[in-house]
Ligand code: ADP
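One chain comes next, on its own, written as structure tokens: the form predicted alone.
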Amino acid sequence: MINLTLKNSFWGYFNFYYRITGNSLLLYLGLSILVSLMDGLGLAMFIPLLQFVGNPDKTVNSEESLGQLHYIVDFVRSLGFELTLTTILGMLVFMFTCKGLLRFIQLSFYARMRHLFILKVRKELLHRLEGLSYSGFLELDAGKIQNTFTSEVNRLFVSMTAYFTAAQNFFMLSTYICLAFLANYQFALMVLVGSLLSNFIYRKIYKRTKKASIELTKRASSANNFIIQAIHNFKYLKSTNTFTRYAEMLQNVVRKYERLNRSMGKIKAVSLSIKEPIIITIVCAVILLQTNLMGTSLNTILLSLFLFYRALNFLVQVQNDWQTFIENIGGMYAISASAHQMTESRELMGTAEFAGVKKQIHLRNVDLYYDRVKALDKINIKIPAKKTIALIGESGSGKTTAANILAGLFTPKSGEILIDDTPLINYNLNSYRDKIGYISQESVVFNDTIFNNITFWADPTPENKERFDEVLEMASLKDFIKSLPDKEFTNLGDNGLLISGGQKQRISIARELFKKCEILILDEATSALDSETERVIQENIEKLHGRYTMIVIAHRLSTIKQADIIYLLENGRVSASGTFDEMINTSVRFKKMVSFQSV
């Protein structure tokens, strides 16, 4: 697991990227330094070498105009090269060819590092989402999750690009400043001090930009959340003519988001427009100071001026890149915060591998709260292996909550879930859930083909195709699929928009039957079906009796007449249990329910 903790400082940002990229980041920075050095030396040598060739006998004047850079000329001569125009131009071609080769290696390496960076971040977020407990998931905002995985990862990508580009330009800047100091340290020092003083202006701009960037992330999450709800509830909004009112509210949210974007644009405009005038003002002031007050000749500061002009160009680029980094820093904060929240709410896993139920599953004295509301109160439910039990009761009585506990989605406040006398918390929950089939009243359909929806993207081997045909028959889907032009390769659309609710439910049932699970949980699994289809599927489910450990939640009591044990839940408690006939004789409440439904 990658540590995505973020500290609010320059080195905090560096460490954030380093923990993701590892030593690749250091190698990239090393290549950046080499490229900068070759670029700086090449341009720095151009003027002084030409001056030296033009005045080969005036060593003193050359040293005066070159400053400490005259040692470069001395080094070239010590190698035995005659300082002709051909030699100098050949050296320049060689140096810039080396720079071009290093630049190619650097950019190719960066492209690879950037690709792996984004893959690692998305993989890490998916890993943490996978490890998130169900109760922790319920505390998260759906819009925030989607925004983090899409927009904020992209903003992180932009911030990383800006950060590394700023680093590259910073090394270029540093190289030219060093060369300018060697040429004329007084001029370079005064310009550098002036540039550093100008950064106080930019610090205020960066602070405002950073604050706006973080706020922009919050606004984007809110807007995404409302858009998701509009898509999920489109049918209701359309049929009740309330979409217009909802759209007005959504437009207000988007308007605030775009207003913040516009504010950031204005800040950026100010930042970009004042940089060059400030820099030129500083350079001109230093030239006047040195020539008029210090008596320095213009020829003496010419090389340093040239080098510093190049340096100041890179200073502008560093400031622009840093501005882009700050504008997108909200992505880094959003990903760090989401990763932290998912880690805090991660699911605790045991180490034992689940091998199946041999005797029974036992919910013993289980309590569960939703916030401070008690959902289950000291319930005791025994589910013998390969038997069918039914949970019945009014809405809110705790049936689905009990099923969620059986699936390991919630951890009881007190009490325990025992499987053959072993607490469920001792098992690796993933190995336990591999044996569970869960069919809820909310059908789950993916935007893919019928075959992939039912087989969950299993390879179309002869064995899987045979199994696929079997579950089509069991879920009463064969005739429906035969009527389709593309048969089992028909795409179902987003959330199964192209098929009816009953057809979606049958596909959900077929998927769990294809899975070959051992524990089958059916939470109002046939509630969306017509009576005839429900009867057919119910008959097929009854054929599974004795082959699966089944937990059936139902309002229609006719569907649970064959259950081995029925548990009646009222206000989170088990008020009665027994077979269908036993319950009629012992529970007045159950007898009334049977009478009301004319079972």
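Just so it is clear, the structure is predicted and the values come from calculations on it, not from any experiment. One rule holds for the numbers: they count along the sequence shown, beginning at 1.
This next part talks about the form predicted in complex with adenosine-5'-diphosphate (ADP), which is not shown.
By the 4.5 Å heavy atom rule, the three marked residues L138, G396 and K399 all count as contacting adenosine-5'-diphosphate (ADP) in the predicted complex. Of the candidates Y257, F96, Y370, Y309, Y370 is the one whose heavy atoms come within 4.5 Å of adenosine-5'-diphosphate (ADP) in the predicted complex; the others do not. Shown without its partner, this chain lists M474, A375, I177, L492 as candidates; in the predicted complex, only A375 has a non-hydrogen atom within 4.5 angstroms of adenosine-5'-diphosphate (ADP). Listed stretches are 322 to 330, 447 to 455, 387 to 395, 147 to 155; the contact stretch with adenosine-5'-diphosphate (ADP) in the predicted complex is 387 to 395, by a heavy atom cutoff of 4.5 Å.
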